[in-house]
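First comes one chain, alone, set out as structure tokens in the form predicted on its own.
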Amino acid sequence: MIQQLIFAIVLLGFSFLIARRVRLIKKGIELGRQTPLTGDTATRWKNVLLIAFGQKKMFKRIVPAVLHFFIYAGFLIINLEVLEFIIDGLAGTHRFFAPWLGQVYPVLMNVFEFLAVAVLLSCVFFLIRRNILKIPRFWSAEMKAWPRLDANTILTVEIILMTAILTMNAADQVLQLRDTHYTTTGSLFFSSFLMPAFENLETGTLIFIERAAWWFHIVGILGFALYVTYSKHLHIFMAFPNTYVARLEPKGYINNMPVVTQEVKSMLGLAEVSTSPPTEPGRFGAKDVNDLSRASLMAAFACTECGRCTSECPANLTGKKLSPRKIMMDTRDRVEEVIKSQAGLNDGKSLLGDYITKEEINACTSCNACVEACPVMINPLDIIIELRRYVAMEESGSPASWNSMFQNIETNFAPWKFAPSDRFNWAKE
């Protein structure tokens, strides 16, 4: 009964902390502007199923895709066993589902163990890629300190949790052979290889090891769930809503600003006559996170920091400071700073300038390579364009060569400095 009470307290404690963190993230996303979703709902659900759930875009790079799929499938399927852990913890039972499922139970447990081993080996491989092979996109300027530690921590924790499952099952099988109260599960293939290490131990010691592994695994899972809300691995959950709200327009399409569109129509005599007084246009573009859309802020929390966007960015590849991954990381960091600060948005800082520089956003060619590369349909270009709009229209701070182009477009309807009447002179001869 004492163990059940302790487990209930632990479960409620972690549930409270996770719920509080989720509310904080929701508050951060709601800092942004609410924009209506357009397009076909069926297409949005198709994106969720194929891209978030089916990992479709991951398979552009087959080796990491297969290993990531093992980790992903392991996370979804092995965690079904957590339901049994919770029931056992609250009810004081042991392997609650075994009597109900009969011969199906050992089959499921062997599937879980296969996935546990697959996850373990995949995590080892990913650690080697990051720290020994040193894949360049994991060692760029923004991938230092916390981002690098975060990735290594999560992989190490997953290895330890999978080892705990196998240890628990191995000790459990030895106890079953000793005619104790432990429920018979049948032979479990992978954990049976660990059984020789436990066969000569006393029953009391075995029970301690099995219970310790059980507690370590369930508390580790709960701790993992809480840690994920502070980590880039929040994409495990955020990828699903992000792919649903992601833009459906062709990648080359850039949204106009309604207030500017209305002004242009008025100048050309195309706008509808309105009897209501004109409204304040508000801010052009974005200076801080509250000027961005909620979809962009959600995307910042959904970012996996995989670096595929940056590795495909032509500006980055030519040595410029722009990194689409850093744009998303900076946006998320700024949201985190605002929701944690007493001053909020009035802390004297802003996304533009304090986090993202003009040099970065001016280097972007708007080619959409980063959007195409992202496995979960994140669009860093939306944020870059909004920041550039603010610089151009609020600060008049665009580079001189850009301002010349803007002036030519305004006066000559083309980027070049010649009269519209001369546009077809090239065809005279």
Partner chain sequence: MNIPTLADLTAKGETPEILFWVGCAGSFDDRYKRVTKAFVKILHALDIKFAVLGNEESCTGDPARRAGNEFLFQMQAMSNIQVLNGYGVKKIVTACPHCFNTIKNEYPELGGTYEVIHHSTFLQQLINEGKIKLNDGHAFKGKKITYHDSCYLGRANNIYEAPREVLEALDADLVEMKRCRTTGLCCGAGGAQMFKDAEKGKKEINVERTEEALATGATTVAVACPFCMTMIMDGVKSKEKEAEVSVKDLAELIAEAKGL
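Numbering follows the first chain given and starts at 1. All figures in this text were calculated on a predicted structure; none of them were measured in a lab.
Same protein, other form: the form predicted in complex with its partner chain, not shown, and the subject of what follows.
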According to a 4.5 angstroms non-hydrogen atom cut-off, is Q34 in contact with its partner chain in the predicted complex?
no
Tell me, yes or no, whether Y253 is in contact with its partner chain in the predicted complex, where a contact means a heavy atom of each within 4.5 Å.
yes
So, in the predicted complex, is E395 in contact with its partner chain at a 4.5 angstroms heavy atom limit?
no
Answer for N368 alone: is it within 4.5 Å of its partner chain in the predicted complex, judged on heavy atom distances?
yes
Among the candidates I160, V228, A197, M257, the residue which, in the predicted complex, approaches its partner chain to within 4.5 Å (heavy atoms)
M257
In the predicted complex, the one of M58, A363, A52, I29 near its partner chain [non-hydrogen atom within 4.5 angstroms]:
A363
If we check its partner chain in the predicted complex, which of the residues in 406 to 429 reach within 4.5 angstroms of it by a non-hydrogen atom?
F406, I409, E410, F413, A414, P415, W416, F418, A419, P420, S421, D422, R423, F424, W426, A427, E429
